[in-house]
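For reference, the chain that follows is the form predicted alone, supplied as C-alpha cells.
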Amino acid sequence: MIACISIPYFAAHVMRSAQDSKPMIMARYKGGRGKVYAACETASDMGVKPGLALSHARALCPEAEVLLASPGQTRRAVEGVLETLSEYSQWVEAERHAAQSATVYTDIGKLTPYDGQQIARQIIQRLAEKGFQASIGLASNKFVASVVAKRMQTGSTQLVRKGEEAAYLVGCPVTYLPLDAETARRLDLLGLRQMGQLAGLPRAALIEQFGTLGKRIHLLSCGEDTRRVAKYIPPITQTATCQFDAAVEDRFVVESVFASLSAELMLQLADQQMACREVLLTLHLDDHTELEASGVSREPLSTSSSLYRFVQQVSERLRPHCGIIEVGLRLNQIAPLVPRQLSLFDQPQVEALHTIMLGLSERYGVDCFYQVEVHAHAARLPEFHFHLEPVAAA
C-alpha cells in the first residue's frame, strides 16, 4: 500500500510566522525582474501562480506581503518531513518541486485498509504538530494515491482499494496527468478533459497522436503505474558557517571566508578519506533574507584549494543587494575518495602535456603533480640523472 502525503502551500507555511495573517507572495529575482516562486492560499485564490511576473502578481493581490524566496529553508523543511516519515517506512521519497506544494510518497507495506488508514491519521497528526496541514491518499500505486491526496481537503484520508483504480479515475480531470502545455492544449481541443475518456480510447490511437507520452497517459488513466517508491537514505553532509559581527560588503573579506570554510570542511573530509561532488552556498543578508546557489563538480573535490575555486565559481551566480551577516557552506554527495589512474599521454606534444599538467594541478592541487627535469651532465648513479620539479599552477 502506498500513501501519498500532499501538503498544499508548503513554502508559505514554512516562511509564515504564527502571528502573520496577511497574504504572502514569495519572489525570486533574475536579471532585475521578479517572478513568483510560491504563494499562500489567499493569494493563489486571487490568481497568483508560480512563474507569474511579480508586477502582475501585485496587481492581482495588492495587499500581499512580498518576501524573498528561501529555497534552502524550504528544502530543509522537506528533509524534516522525510525524516519523520522514515519512522513508518524505509521507502520514502519526495517529488522534486516543493515550492507551492509538497508531495511525498511512502510505501507502508501490505496492510489491511483499517491499519493503513490508522497510520495515515497518525502521520497527519505528526505533521500538524510541525505546523503542516496535509491530506493523504492510499492506493496500490503512486499515481492513484497522488490523485486521491490532491483531491481531498487537508486533514482527511481516503483509500482506493486494489482493483478499483480505473473506476475512481473515470471522472477525474486530465490536469492530474503529467502533461506539458502543448499536450494539454491538444487534449482540450479534442474534447478529452476527463481520464475516463482517455482510458476508453485505443492505446494505439494515443500513441499515434502523442508518441510515448500517449502510452504513458493512457496507462495512468487506466490506473496502471509501475513506479516504485525509492528507499530513503539520510543525506551525508558536512556544513560550516561563519557569522560576522557587522554586515560585510567587501568581496575580498567574503572570499577569505570562503577559503577558511573550504579548508575547515576539507580537513574533516580528509580525516574520513572522503570527497564531495555538490556544493551549496548560502548568504544570509542584513535584511533577513538569504541567497542560495549550488553546483555539482564534474570531478570529486578532495582538496581545500579545489573546493575554494569551485565555491568561487558558484558564488559568481549570487548578487547580494545588501550586506552579508553570515556565510554557510554545505557539502553534499559525499562519498569515499577513490584514486584513479589519469591518462596524460594521449597527446605526445610537450606543449600539450604541459597544458594538461597545469589544468590538473589547478583541479587537484599543486602538491600532487611533478614534472621530470633531466640533467645534461652524466652521473654515476641513475637516480641523479633527473629530479622531480613541482608543477607550478598558472
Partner chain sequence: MTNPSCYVELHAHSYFSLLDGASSPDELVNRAQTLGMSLLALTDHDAVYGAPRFVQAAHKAGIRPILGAELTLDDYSHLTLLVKDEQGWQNLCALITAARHNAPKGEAVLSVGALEGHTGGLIALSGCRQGRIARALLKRDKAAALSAANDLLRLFGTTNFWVELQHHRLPDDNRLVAHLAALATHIGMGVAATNNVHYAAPDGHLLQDVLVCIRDNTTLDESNKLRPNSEYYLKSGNEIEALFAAYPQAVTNTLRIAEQCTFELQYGLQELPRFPTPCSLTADTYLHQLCIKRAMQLGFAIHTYEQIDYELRVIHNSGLSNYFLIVWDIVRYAREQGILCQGRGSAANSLVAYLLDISPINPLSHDLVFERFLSSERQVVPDIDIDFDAARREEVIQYVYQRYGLEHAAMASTFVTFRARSAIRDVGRSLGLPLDVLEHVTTSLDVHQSRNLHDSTSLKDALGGQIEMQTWQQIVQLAEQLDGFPRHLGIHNGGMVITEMPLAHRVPTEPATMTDRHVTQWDKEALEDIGMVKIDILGLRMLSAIAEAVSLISENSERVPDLSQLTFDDPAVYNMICTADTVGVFQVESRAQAQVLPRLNPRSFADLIICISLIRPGPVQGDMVHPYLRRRDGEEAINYLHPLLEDALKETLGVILFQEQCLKVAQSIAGFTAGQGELLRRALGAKNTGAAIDKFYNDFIAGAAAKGVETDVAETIFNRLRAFGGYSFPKSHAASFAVLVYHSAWLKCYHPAAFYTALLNNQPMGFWSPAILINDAQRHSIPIYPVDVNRSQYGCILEDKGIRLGFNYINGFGEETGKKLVEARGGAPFEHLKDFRQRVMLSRNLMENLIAAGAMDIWQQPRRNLIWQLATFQNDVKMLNLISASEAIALPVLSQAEKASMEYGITGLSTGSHPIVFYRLQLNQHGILSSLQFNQHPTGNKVCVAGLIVVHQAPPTAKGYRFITLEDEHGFINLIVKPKIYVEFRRIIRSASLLLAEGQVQRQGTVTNLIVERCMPFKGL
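What you are looking at is a predicted structure, and each value in this text was computed from that prediction instead of being measured. Numbering follows the first chain given and starts at 1.
Form predicted in complex with its partner chain: not shown, discussed below.
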Residue (of Ile236, Leu111, Val296, Leu190) lying close to its partner chain in the predicted complex, criterion heavy atoms within 4.5 Å: Leu190
Interface residue in the predicted complex among Leu206, Leu138, Val279, Val104, criterion: non-hydrogen atom within 4.5 angstroms of its partner chain: Leu206
Heavy atom contact within 4.5 Å of its partner chain in the predicted complex, the stretch among 299-307, 196-204, 215-223, 83-91: 196-204
Contact at Pro50, Arg96 and Leu285 by its partner chain in the predicted complex, all three, heavy atom at most 4.5 Å: no
Exercise: Gly34 in contact with its partner chain in the predicted complex, heavy atom 4.5 Å: yes
Contact test in the predicted complex: Leu54 vs its partner chain, heavy atoms, 4.5 Å: yes
In the predicted complex, Arg58 touching its partner chain (heavy atom, 4.5 Å): yes
Any non-hydrogen atom of Arg186 within 4.5 angstroms of its partner chain in the predicted complex: yes
